[in-house]
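Quick setup: one chain, the form predicted alone, written in structure tokens, and binding and motion questions come after.
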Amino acid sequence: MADTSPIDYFFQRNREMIAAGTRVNTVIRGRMKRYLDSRGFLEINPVIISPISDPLNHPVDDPTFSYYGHQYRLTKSMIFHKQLALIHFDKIYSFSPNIRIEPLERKNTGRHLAEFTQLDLEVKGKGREFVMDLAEGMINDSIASVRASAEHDKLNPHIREYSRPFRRVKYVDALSKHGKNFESILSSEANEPFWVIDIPLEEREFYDREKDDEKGVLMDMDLIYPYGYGEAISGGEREYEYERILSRIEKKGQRREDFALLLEASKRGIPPSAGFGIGIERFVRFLTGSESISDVVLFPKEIGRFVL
């Protein structure tokens, strides 16, 4: 496998599965766009390079390059740009390409690629409950649209529109019962999507909002697919006040100079907000019942592999 040239690999791939995945991808992108547009959201252009990007809470390579004397990064997520966009707008979304040079141990998970797309959205002045409800409605609406399409026979036989609200599980309860691998265990046992909520501060990035009445716990949520398909959505409420952002950067042991532009903006005023990102390719994998995310992507950037 390692010696296969990128061209050989491309021609050897399962064309039927790629075609089904691409058609489902097209359907859900269109449906998500209509769903959000009809609720007053505006689509903004994705940001591909920037002097500031998501630090993430797990190690990835962080390629940088010089552009007119300034250091730029490839976008790992649009989290900071979403917050800044709300200075001008109330509700925004973007189909955002993300680059994450993941460690080699993630090559066989079936759900990681070095290049993928998130539908990333953010809402000014709203909280976690609002965006969770929005996500549930959008997922069910997308599923209904895909099931009505001509590709019904290529879909995961388990998918259906799910009862709302989706079940909620507190992070500490799941950890206590199942240990650190609780997400995989609960996902494999579930037959409906469910939320993991109230995630500890040390498990997340500095920009997610800490509860005022429960220190060390964040107003965060992850949506988990059933049948072992794992994480679908990650999101929550955001820190927006200068002192709180600075305090969180220091708690994470990160350098304030790396986030000087965000801190400058927060001094001038960033609005409170909540939002999330949903991986498009992971959603397609779930909808088609594919074993691996790369099966449904035309040019998958597989971890540890030389590919087109």
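Just so it is clear, the structure is predicted and the values come from calculations on it, not from any experiment. Throughout, we count residues from 1 along the sequence that is shown.
What comes next is about the form predicted in complex with asparagine, which does not appear here.
J.: Of 183, 102, 210, 120, which one comes within 4.5 Å of asparagine in the predicted complex, counting heavy atoms only?
T.: Of the candidates 183, 102, 210, 120, 120 is the one lying within 4.5 Å of asparagine in the predicted complex.
J.: Choose one stretch from 104-112, 202-210, 138-146, 154-162: the one whose residues place a heavy atom within 4.5 angstroms of asparagine in the predicted complex.
T.: Comparing against asparagine in the predicted complex, the contact stretch is 202-210.
J.: How about residue 281 - does it come within 4.5 Å of asparagine in the predicted complex, if we only consider non-hydrogen atoms?
T.: No.
J.: Does asparagine get within 4.5 angstroms of any non-hydrogen atom of residue 75 in the predicted complex?
T.: The answer is no: residue 75 has no heavy atom within 4.5 Å of asparagine.
J.: With the partner left out of view, is residue 81 within 4.5 angstroms of asparagine in the predicted complex by any non-hydrogen atom?
T.: It does not: once asparagine is placed as it appears in the predicted complex, residue 81 has no heavy atom within 4.5 Å of it.
J.: Does residue 124 make contact with asparagine in the predicted complex, using a 4.5 Å heavy atom cut-off?
T.: No, no contact at 4.5 Å.
J.: Pull the contact list for 51-78: residues with a heavy atom within 4.5 Å of asparagine in the predicted complex, in sequence order.
T.: 54, 56, 77 sit within 4.5 Å of the partner.
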